[in-house]
Every structure is written in C-alpha cells, then in structure tokens.
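Quick heads-up: it's one chain on its own, the form predicted alone, in structure tokens.
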C-alpha cells in the first residue's frame, strides 16, 4: 500500500488526526505547483495554504467512503490549480503581469546538473533554473499547467487528466506542445544572446 493510500484511509477514519500528515506530505508540492504557475513566492504560498484549507473543508463534508476513493495527488493539484487560475484572473483584471521567478528554488525545473562542483557550477545551475522558470511563465496557462503537473510535480498522464478534467489524449498533446513551445523559446533566447555577444 502506497503512502497516499494509507493517508486516504487514515483521513477517512480520523480526519482531524490525519490531516496534519496530509499537510506535511503535500504542502511542498502544492507550493511548487503554485510557484511555477503564478511566478510569485508570496502568491504561491497563499495559494498552497488556501488549497489545504479548501481540502480540509471538502473532506469534512465527504462521507468516509468518498474519502477512501479519492486519488489524492490529482485531487489536491486540481484545487491548487483552480486557486492559481483565480489569482491569474484577478491579476489580469488589475493589470498586473506575471512575475519573474528570480527567487526560484534551486533544484527545480533545471536541466540536469553538471558534474562539476563549486561556486561557479552552482551559480550556472541557478541561472539556468531561473531562465527555465522565466520561460515557463511565457507559456499560455493551459500548457503551463500541463507541463508543471507532468514535469515538475510528476503526475502520470491519467492523474494529469483527472487533475485538469480533460481527456488523457488532450493532456498528452498539451504537454507535448508546451514542451515544444519551451524549446522554441529557449532556442530563440539563446540565439538572441549569441547575437548580442557578437554585436
């Protein structure tokens, strides 16, 4: 039995006693999803906290049998994505653009780490992580959500389809197109940087 299955069983029998374990098991991944979607650490923290509050309220209203049937990872991802969409909508209405992820956490959404160690290699990896995070923010929301949930959060395609409430073929296409857009944006940024260096 995997950890989420055990957690769901514990939630079904004692929500108040087991909810802290849900928070500990999923708070970091919810924050990471929100950070990659929103691009702002403060907004991401609030979205992750709100998602956990909403999850608790929903679970409190569910019968034990419904809780036992939950697929926890995609269910929680759906909650945090909906909160992120609402925040993006409010930003757009207020005229606030998406923010840069300059404060992105090292080790997330980065190309494979270089075998070299030391301050220069660490700085290069951090800069690459920031560049990829900034590129991710340029994707349209549907593609960004699919790429984040698949490649940052690690959801399987069936879980991704559940979280986004779309057919599996659609989410596969969105991940594929999102990655293609990222690749194109990366190549364009690299070409521009080379041109600036030779000018």
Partner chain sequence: MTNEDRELEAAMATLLTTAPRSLAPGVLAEIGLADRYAQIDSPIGPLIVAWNGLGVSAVEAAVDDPRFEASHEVRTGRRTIRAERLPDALERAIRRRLGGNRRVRIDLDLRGHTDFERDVWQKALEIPRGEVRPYGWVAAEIGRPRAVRAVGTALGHNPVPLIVPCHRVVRSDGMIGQYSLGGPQNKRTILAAEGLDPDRLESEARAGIRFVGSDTTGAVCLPTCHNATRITPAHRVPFRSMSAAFAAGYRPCRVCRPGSGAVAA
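Numbering follows the first chain given and starts at 1. What you see is a predicted model; the values in this text were computed from it and never measured.
The next section is about a form of this same protein that is not shown, the form predicted together with the partner chain.
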Inset, instruction - Give a yes or no on whether every one of 23, 28 and 136 sits within 4.5 angstroms of the partner chain in the model of the complex by heavy atom. - result: yes
Legend entry - Contact label in the model of the complex: residue 182 to the partner chain, heavy atom within 4.5 Å: yes
Inset, instruction - With heavy atoms only and a cut-off of 4.5 Å, decide whether residue 168 touches the partner chain in the model of the complex. - result: no
Inset, instruction - Answer yes if any heavy atom of residue 49 is within 4.5 Å of a heavy atom of the partner chain in the model of the complex; otherwise answer no. - result: yes
Legend entry - Interface membership of residue 174, the partner chain in the model of the complex, 4.5 Å heavy atom rule: no
Inset, instruction - Scan 63-88 and write down, in order along the chain, each residue with a heavy atom lying within 4.5 Å of the partner chain in the model of the complex. - result: none
